[in-house]
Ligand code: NCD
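Quick setup: one chain, the form predicted alone, written in structure tokens, and binding and motion questions come after.
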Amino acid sequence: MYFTLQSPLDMHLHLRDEMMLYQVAVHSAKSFAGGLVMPNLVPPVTSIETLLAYKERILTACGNEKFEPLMSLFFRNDYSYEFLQKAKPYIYALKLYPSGITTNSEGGVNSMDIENLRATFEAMSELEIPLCVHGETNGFVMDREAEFGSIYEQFASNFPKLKIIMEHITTKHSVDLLSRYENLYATITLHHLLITLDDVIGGAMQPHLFCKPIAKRPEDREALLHVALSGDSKVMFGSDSAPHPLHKKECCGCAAGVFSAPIALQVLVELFEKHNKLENLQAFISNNARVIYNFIPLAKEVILEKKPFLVPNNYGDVVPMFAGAELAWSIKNVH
């Protein structure tokens, strides 16, 4: 049995930099036509010059693979209209991080007050630059995303022309918000479609499943599954594939992040087949993102085969999701 995907896209991707970039970028580039690259480097990507230099490093790391890095800038509330107008040809989004909420977000926004953000949001609205948001507060870890929901509502209602993407949603509450505001959209990761908090810490701690936002309850996973499998035009795949070296995962103070890029398509095909929804996978993996971000991706055809694939135990010093496990599907050809 074979299944073909046209120009699969990963709309939330961490490629890191330096040695790690050269370890991981090629694994996204082999099977995806493009990916929205997160700007939370150290220091973060906040200028056109650093963005273009980073894009060039990514392309070099991808070698001869057909892959388009879709670049984003780290959100700052002091960007001028003139700066954003100049940056627009080179970017697909601005990414807003609450300060200190996740990896390399210390330079993020300290206050979500509307007036603090108004000038930048209005410029983005006029220039039609999407806003991507890591939506968590500093509250109790299981409640952080739900608590951020009221902030999403303020953003969406005060700036109705601003396209807002709720990144890596993990709760039924976030899914429900999608139908309430025309300008709210979301990315959903592979791991949040599959795991709950029980898989992370219900038995022995599983460091390679530890991520932020943390996996939630079974009813949250079911809500995510339902909206993704349905082909709903408001949601799209964003892996949030976030590699960390082994010594930062299997240690005290484990780094947050799941490395799923090399196995994402194989597992998604298996998941959609299991639920008899293969006809909706193309929308989730590519078509919805094309409409939401209003762009045409590189042409790339990925043919998957229902043939066992043994996931390597590691890619360099990074351990992937499902390391050592056998998947039901493999990638046969990429054109």
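Numbering starts at 1 and runs along the sequence shown. Nothing here was measured: the structure is a model prediction, and the numbers come from that model.
There is another form of this protein, the form predicted in complex with this ligand, and it is not shown here; the text below is about that form.
- Picking from 253-261, 222-230, 111-119, 71-79 the stretch near this ligand in the model of the complex, with a 4.5 Å limit on heavy atoms, gives 253-261.
- Proximity to this ligand in the model of the complex, taken as a non-hydrogen atom within 4.5 angstroms, holds for one residue of Arg144, Lys212, Lys163, Lys172, which is Lys212.
- This ligand is not drawn, but in the model of the complex it has no heavy atom within 4.5 Å of Lys216.
- Although the partner is absent here, Thr102 is a contact residue: one of its heavy atoms lies within 4.5 angstroms of this ligand in the model of the complex.
- At a distance threshold of 4.5 angstroms between non-hydrogen atoms, Ile188 is out of contact with this ligand in the model of the complex.
- None of the heavy atoms of Leu265 is located within 4.5 Å of this ligand in the model of the complex.
- Contacts of stretch 236-270 with this ligand in the model of the complex, defined by any heavy atom lying within 4.5 Å, are made by Asp240, Ala242, His244, Ala256, Gly257, listed in sequence order.
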